[in-house]
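For reference, the chain that follows is the form predicted alone, supplied as structure tokens.
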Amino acid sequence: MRATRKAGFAAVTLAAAMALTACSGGEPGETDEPAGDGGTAAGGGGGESITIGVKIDQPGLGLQEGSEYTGFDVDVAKYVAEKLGYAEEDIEFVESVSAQRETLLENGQVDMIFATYSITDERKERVAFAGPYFVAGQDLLVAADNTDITGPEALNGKVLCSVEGSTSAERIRDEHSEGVELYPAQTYSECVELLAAGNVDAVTTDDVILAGYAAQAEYEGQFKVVGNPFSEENYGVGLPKENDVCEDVNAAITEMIEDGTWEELIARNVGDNFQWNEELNPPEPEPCA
């Protein structure tokens, strides 16, 4: 196992640790190598670091530039980790691609995931969640001069890009697929590049993610967020199904909201142009089950 919890972490039973060790054996699934030295903080064990899955290509949320990781999700992860007893230098950030998130947690390759990870009943069958710590809404990113696409109902005959394995892609398939050609990409950066090249008509994911891309200097003036959200996405902290830290994570999120840090982190990372849904934010973490 990778990490021993410091202050704020409860001791896990030997049986739980053995069960998680057994679950982490075998092939690592969709990634080539396990991150770090294997195991999960939620299962206890040796070492004094924590491995956290984040996005590395989402400006304002999770972005890697050299050895630096920035964004709202990253900052929330740092805050929570500190409350759990980890200094920033104790954190190892690794990429968490949408389609691999459950596998990363199940195989013990990460301890937690902060990666615009929407809480859904289907995902709860495989992993656990703390939070939510933010509520977003699915929207559309289009060219700045596009007047045809005003919402999901205007996608007939259009090519729409989203990330395979995301709730955004699944919603389009389930609810708005008639007449729409869905291009499944590996990352949202790929989708935005295709939009910039004119190879797709729109990109769909959560409004806060799209706003981050639209605000990038390299795309200045090229895109706009339609501004017609059609979902509620509760961003949670992904945890192994068997864990003993959910309540500690929820307590940290609650403190972050109450002490004003939550709002500061959004302003720092997404900027003044993005207005979150004040009816849904800041959210109240759900009880751990």
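Note that residue numbering follows the sequence shown and begins at 1. Everything numeric here is computed off the predicted structure, so don't read it as measured data.
The form predicted together with a small molecule is left out here; the points below concern that form.
S.K.: Does the small molecule come within 4.5 Å of any heavy atom of residue 123 in the predicted complex?
M.R.: Yes - in the predicted complex, heavy atoms of residue 123 and the small molecule come within 4.5 Å of each other.
S.K.: Contact with the small molecule in the predicted complex for residue 118, defined as at least one heavy atom pair within 4.5 Å: yes or no?
M.R.: Residue 118 belongs to the contact set for the small molecule.
S.K.: Within 4.5 Å, heavy atoms only: does residue 72 come near the small molecule in the predicted complex?
M.R.: Judged by the heavy-atom cut-off of 4.5 Å, residue 72 is well away from the small molecule in the predicted complex.
S.K.: Any chance residue 101 has a heavy atom within 4.5 Å of the small molecule in the predicted complex?
M.R.: Yes, residue 101 lies within 4.5 Å of the small molecule in the predicted complex.
S.K.: Please identify, from 162 to 170, 74 to 82, 195 to 203, 140 to 148, the stretch that has a heavy atom within 4.5 Å of the small molecule in the predicted complex.
M.R.: Every other range fails; the passing one is 162 to 170.
S.K.: Among 112, 130, 209, 191, which has any heavy atom within 4.5 Å of the small molecule in the predicted complex?
M.R.: Answer to the contact question: 209.
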